[in-house]
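Take a look at this single chain in structure tokens; it is the form predicted alone.
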């Protein structure tokens, strides 16, 4: 509750807004802001991949205000982001869940896993960034580790505890709300 000096107007802020302040509105927004920071500070060059669509209908109320009114996806997209960091090609998928105890495997599609397999075959580094939005934790899970888990399990979801044990907690800050490069540094140095 915010009290104004004249006492007339009061406004209630939700706890969620007050707690998060300027940190993470959504995983995609956080990643885009972090990637902008990396690019501006010459740390890494990573971009969100556009989803390929075919435009069917466009409304032209004014020449300068064209609006797509009907479109469809051409084919399944690969992963969400790709780029280069310290000479290493990186490629990753980002998923967010409101579930506190697991991430449903139905959120990760077979064509995305296949794409990450190809990234590995070409000596790139593939991973997933997984956010548990309710508990405000984001993890980087290396694709090689996830691939092994998927081969060994019959579960229909990835338990939070497995992600916590096998993934890497990604630090959050105002300027870098999803600072996955800090985690990549540790992984890449360990792998050398």
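Numbering follows the first chain given and starts at 1. Here the structure is a predicted model, which is why all the values come from computation and not from measurement.
The protein also exists as the form predicted in complex with another copy of the chain; that form is not presented, and the subsequent description refers to it.
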Point to revise | another copy of the chain in the predicted bound form: contacted by all of 52, 86 and 119, heavy atom 4.5 Å | key: yes
Review point. Heavy atom to heavy atom, is residue 68 within 4.5 Å of another copy of the chain in the predicted bound form?
Key: yes
Practice item. Decide whether residue 78 counts as a contact residue for another copy of the chain in the predicted bound form under a heavy atom distance cut-off of 4.5 Å. Key: yes
Review point. For residue 27, is any heavy atom within 4.5 Å of another copy of the chain in the predicted bound form, or not?
Key: no
Check your understanding: residue 164 near another copy of the chain in the predicted bound form, any heavy atom under 4.5 Å?
Key -> no
Check your understanding: Pick from 127-135, 27-35, 141-149, 59-67: which stretch has a heavy atom within 4.5 Å of another copy of the chain in the predicted bound form?
Key -> 59-67
Revision key, fill the gap. Contact check, 26-47 vs another copy of the chain in the predicted bound form, heavy atom within 4.5 Å, ordered by sequence, gives 39, 42, 43, 44, 45, 47
